[in-house]
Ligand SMILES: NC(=O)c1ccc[n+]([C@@H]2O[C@H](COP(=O)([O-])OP(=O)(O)OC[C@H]3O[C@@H](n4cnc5c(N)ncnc54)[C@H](O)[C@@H]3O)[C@@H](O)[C@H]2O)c1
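Here we start with a single chain on its own, the form predicted on its own, put down as C-alpha cells.
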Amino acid sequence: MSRVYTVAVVGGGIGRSHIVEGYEPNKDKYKVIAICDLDPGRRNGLADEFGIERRIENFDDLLKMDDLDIIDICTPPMVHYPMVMAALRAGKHVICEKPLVGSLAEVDEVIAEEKKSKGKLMPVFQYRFGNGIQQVKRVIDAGLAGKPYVGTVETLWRRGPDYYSVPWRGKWKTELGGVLMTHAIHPHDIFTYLMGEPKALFGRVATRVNTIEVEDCISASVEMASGALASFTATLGSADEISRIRLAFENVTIESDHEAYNPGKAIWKILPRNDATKAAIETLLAGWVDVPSRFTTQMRLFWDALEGLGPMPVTSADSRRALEIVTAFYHSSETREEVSFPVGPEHPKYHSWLPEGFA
C-alpha cells in the first residue's frame, strides 16, 4: 500500500483549487488534515466543505504537528518567505504558490535552507501540465524540433478595480509586483521550460490600465542562451483573455492553446516542415497516455518525487529563473539598459526589485 502524506493548506483562496484539483483527485497519495486561514469564515467554510477537522488560525501551530508531512502555502506573496523558511526549518515538506519569495537574495536563502532541511520544496507552476504542453515538451526533448529560432509569449488578460479592491493587491510591499509578477510569470515559465535559459533581456513596464502602484503592461525583447530570440508582452487591459505561446524551430512551428488559465490542457498545434518530421512525431506520440492538467499532475509528480520515483516536477531553481526574469525586467525598464543572465549578488536589484521608496 502506498504512503499517504498529510497536508495542511494555508490560505483558502487559491488553496481551494489545490484541494479540488490536486488533493481530491490524488486521495490515494494525500490527506488534507488542516486548514489554516486568518479569516474564520473562509477557514471553516473550506473545512466544512471537504470534511477537514483541524481549523487553524496561527501558522506556527502547524510547525508543531508531528503528524503533518506537508505545508502548502497559498497566502499573499509578502508572507511566503518567512513561512517557507519556518516550514523547512521544522523539517516539513513545502509547496508554495508563486512568487516563491520577494527577491533573488531570498530565493538563494531558501535554496540554501532546503539543502539542510529533511523537507523538500516544490514551487507551484501548474500551467506546465496537461496533454498539450507535455506533448510539445516530449517532441522538443527528443530533438525532433531542431534548432530554436524565435518565440513569442502573449499574456493578454483583464483585471479591473474589483480585482484590486482586495487590500494587498496592486501594492509593491504586499503583492511584490503587477502583471509581470502575478500573471505573466506563468506563461514566461512555460516559455523557459520549453526553450531553455535566457541570456539577456531588454524590457519595459508601465501602469496604463488601473490606478495602482504596480505595473499592468509589459513588453520585452529576449535573447536565449541557444541564440533564439523572443518577445514577451502582457497587459491586464485586454477585452478578451488569452495566453498564447508560439515557437518557431528548424523542423516545426508550435502554437499553444489560447485558454488563459489552462493553456497546457488542450492539444497544441505542432506544424512539421516536412513529412519525415511529421512521421517521427506521430511515432513518438503514438499510444499517448493522458496527462491531467494543472495541479492534478503537479501534485501527483510531487508524490513521485517524495517517494524517489521521479524528479521534482518544479524546483527552487525553476523559481529562481522566473524571479531572475522579473528582476531583469524591472531593472531594465528603470535604467533603459539590457540585463544579462545569470543575475547574481553583485546586481543592484539582487536584494530587492522594488522601486526606491518601497524596498
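Computed from a predicted structure; not experimentally measured. Note that residue numbering begins at 1 and tracks the sequence as displayed.
One more form of this protein exists, namely the form predicted together with this ligand; it is left out here, but the text below deals with it.
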| query | finding |
| --- | --- |
| Residue among Leu88, Leu247, Val124, Val107 with a heavy atom within 4.5 Å of this ligand in the predicted complex | Val124 |
| Sole residue of Gly177, Pro187, Pro198, Pro77 within 4.5 Å of this ligand in the predicted complex, by heavy atom | Pro77 |
| This ligand in the predicted complex: contacting segment from 313 to 321, 35 to 43, 299 to 307, 327 to 335, heavy atom within 4.5 Å | 35 to 43 |
| Contact test in the predicted complex: Ile218 vs this ligand, heavy atoms, 4.5 Å | no |
| Pro99 within 4.5 Å of this ligand in the predicted complex, heavy atoms | yes |
| Residue contact check: Val166 to this ligand in the predicted complex, 4.5 Å heavy atom | yes |
| is_contact(Gly344, this ligand) in the predicted complex, heavy atom dist at most 4.5 Å | no |
| Residues within stretch 215 to 252 having a non-hydrogen atom within 4.5 Å of this ligand in the predicted complex | none |
